[in-house]
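Here's a solo chain for you in structure tokens, the form predicted on its own.
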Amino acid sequence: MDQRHVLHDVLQKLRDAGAQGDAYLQESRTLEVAVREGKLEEIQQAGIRGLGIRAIRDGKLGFVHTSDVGEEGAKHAAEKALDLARFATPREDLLIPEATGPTDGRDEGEPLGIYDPSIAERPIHEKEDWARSAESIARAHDERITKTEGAFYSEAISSVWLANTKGLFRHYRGSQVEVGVEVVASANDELQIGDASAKSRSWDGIPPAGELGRKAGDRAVKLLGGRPVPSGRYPVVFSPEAGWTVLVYVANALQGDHLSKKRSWLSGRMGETIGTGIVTIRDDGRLSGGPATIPFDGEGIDTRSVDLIAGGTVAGGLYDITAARRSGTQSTGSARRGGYAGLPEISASNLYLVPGERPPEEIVGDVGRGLWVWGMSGWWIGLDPSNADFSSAAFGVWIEEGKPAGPVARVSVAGSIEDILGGIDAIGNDLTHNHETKTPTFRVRALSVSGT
């Protein structure tokens, strides 16, 4: 349904009051299915329809969101947004973009492969069967798997319309499926969790239940008996399940608001080399079928592909309109909204380390003695745009003469982000875009590992 009439009434209210602003209308339907120990534990369906209105008058912002998007409800919300703007603190950085893109209400997401109508058409029992099968296969993977934390299937079908007082009117539809399973292995009074999950825009992109189930079971069993290793500097191989945390630090430092306000350790360092020549970190808001792909951001600006690090060199940042203006550059379409109830915020989309050509087993096989990290915890504690240091508790597998030599637990890995990027000497060919932020397997020549 074309929601132009709802948005038109809201924007006319703003114009009549001498204000600028925009209206963000979202409709979505969600389904959550959870099974545990072979039994259906939860099934929930919900429908959401809501409107977010930004009113800008005399350099002051009023923001209101409402689930009442009927004619009177929408007009009342616009009046409230205008009223709130009267009492807000004046700002110099409130900007509304000029009209871009088509204005005929077409689905701009269709060419990007982000909507699969068959998801909604499939019966719920088929989705429940996927979760049951994944859990059952994970549980049966090894006799040491003694319990399960369950498996889940989640989907969201959504439509978004965005219009502003400068004539912008844009629309897209999207679908999202997320699946996962988690089991527990036990031996000698020790418990170890193994999990696996994935996201997809389409039904066909969901991993087979057996594939995900076996992966979760295998991780749980192989991590049993983990022990610390002697502290020292070792080669460290990051698996895709661990390496993505490094990218979060890079993107945070290259967030346009931090750069423009000189709050980042990378402020003023565009063009400097901080990584090896094989390191390219890309944020691609238009990646075909990507988990975070959308045609335009929360301000109405086209999304795009941005190289944050190109061949080891600091190459770009993530900007909304305001941060771009302060920095003398253009928005990268990185103003994201979590939904109609939230304001646009700068964020990465499909963030990834560009893959290499080497198989993961070859990268591990070249290590004489080192750590293969399978997971990390607590890595977010030091996440600060002004701080280049990275430290995290880690677990995984010890490598001796290029082969797995036993599980590792209760260790930490530390170094600066420049140490990590500047030490990457091998990148794998195993990148899969099954989460918003991903890396293939990659190896760092040496990092500090704290154990015994």
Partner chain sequence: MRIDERPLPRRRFLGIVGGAAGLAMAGSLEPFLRTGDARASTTFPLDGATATRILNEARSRGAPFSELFLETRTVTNVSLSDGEIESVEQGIFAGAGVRAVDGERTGYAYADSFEAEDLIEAARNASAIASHPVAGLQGIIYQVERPARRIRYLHPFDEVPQDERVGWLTRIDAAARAYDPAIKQVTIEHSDEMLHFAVINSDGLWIEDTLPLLYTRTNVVAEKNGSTGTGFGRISHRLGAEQMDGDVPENSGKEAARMAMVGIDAEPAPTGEMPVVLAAGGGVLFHEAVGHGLEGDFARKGTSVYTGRVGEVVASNRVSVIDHGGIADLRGSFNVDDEGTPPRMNILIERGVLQGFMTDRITAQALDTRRSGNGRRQSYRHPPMVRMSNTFLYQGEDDVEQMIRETKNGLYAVALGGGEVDTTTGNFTFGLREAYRIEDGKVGAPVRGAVLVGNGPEIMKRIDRVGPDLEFWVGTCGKGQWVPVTSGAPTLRISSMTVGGQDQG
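Residue numbers count along the first chain shown, from 1. It should be emphasised that the depicted structure is a prediction, and the values quoted were computed from it without experimental measurement.
Missing here is the form predicted in complex with its partner chain; even so, the following discussion is about that form.
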4.5 angstroms heavy atom contact with its partner chain in the predicted complex for A405: no
Touches its partner chain in the predicted complex: N188 (any heavy atom, 4.5 Å): no
V6: touches its partner chain in the predicted complex, heavy atom cutoff 4.5 angstroms: no
4.5 Å heavy atom contact, R36 to its partner chain in the predicted complex: yes
Contacting member of A140, I381, A120, L95, with respect to its partner chain in the predicted complex [4.5 Å, heavy atom]: I381
Option touching its partner chain, based on a heavy atom within 4.5 Å in the predicted complex, out of D129, E149, D366, D284: E149
All of V64, S231 and K262 with a heavy atom within 4.5 Å of its partner chain in the predicted complex: yes
Stretch from 343-351, 303-311, 269-277, 108-116 whose residues place a heavy atom within 4.5 Å of its partner chain in the predicted complex: 343-351
Interface residues of 390-409 toward its partner chain, as seen in the predicted complex [heavy atoms, 4.5 Å]: S391, S392, A393, F395, A409
